[in-house]
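Before any questions on how it binds or moves, here is one chain, the form predicted on its own, in structure tokens.
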Amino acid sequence: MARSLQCFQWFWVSGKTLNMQLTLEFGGGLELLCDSKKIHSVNVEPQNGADKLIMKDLLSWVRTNLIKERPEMFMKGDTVRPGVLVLVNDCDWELSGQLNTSLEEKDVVVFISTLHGG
């Protein structure tokens, strides 16, 4: 999926650090892992001086900064657990490269658990 370079909007923070503003949404019970807050507006810095942010880096950031309890319910290794649907701008991340999906300024990333207890 080709994206226009015009969509990239980076902001300088503290002189040299690039941050990207994203909206993260958690549903299907995953919000309980993030202090019961469903929608998070966040600024995430690409890791290791990279010029772009990919989903793998975002998931690591989420585990460190948003997940308050039981991270094993959200992630398994470097990716989300089976049964967690991930949408980037309403598109299933499986269609855009999963962990290698590039993120852009103002993207909306949704995490929904499809597994429910009974």
Partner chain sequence: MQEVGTNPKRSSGRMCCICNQRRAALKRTKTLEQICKECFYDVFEEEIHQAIVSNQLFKPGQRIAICASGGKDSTVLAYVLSTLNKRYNYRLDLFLLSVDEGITGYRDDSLETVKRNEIQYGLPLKILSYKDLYGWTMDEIVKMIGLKNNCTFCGVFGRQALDRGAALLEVDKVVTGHNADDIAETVLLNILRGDIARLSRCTSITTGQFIALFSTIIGFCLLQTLDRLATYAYFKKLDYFSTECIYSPNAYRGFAREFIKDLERLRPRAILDIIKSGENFRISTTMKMPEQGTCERCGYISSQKWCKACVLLEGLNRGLPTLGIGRNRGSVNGRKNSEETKGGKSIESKGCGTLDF
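Being a predicted model, the structure only gives us computed values, none of them experimental. Numbering follows the first chain given and starts at 1.
Here the subject shifts to the form predicted together with its partner chain, a form of this protein not shown in this document.
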Full three-residue contact with its partner chain in the predicted complex, heavy atom 4.5 Å, for 33, 43 and 66: no
According to a 4.5 angstroms non-hydrogen atom cut-off, is residue 91 in contact with its partner chain in the predicted complex? yes
Whether residue 60 contacts its partner chain in the predicted complex should be assessed with a 4.5 Å heavy atom distance threshold; does it? no
4.5 angstroms heavy atom contact with its partner chain in the predicted complex for residue 71: no
Using 4.5 Å between non-hydrogen atoms, is residue 96 touching its partner chain in the predicted complex? yes
In sequence order, the residues of 71-100 that place a heavy atom within 4.5 Å of its partner chain in the predicted complex are 76, 79, 80, 81, 82, 83, 85, 87, 88, 89, 90, 91, 92, 94, 95, 96, 100
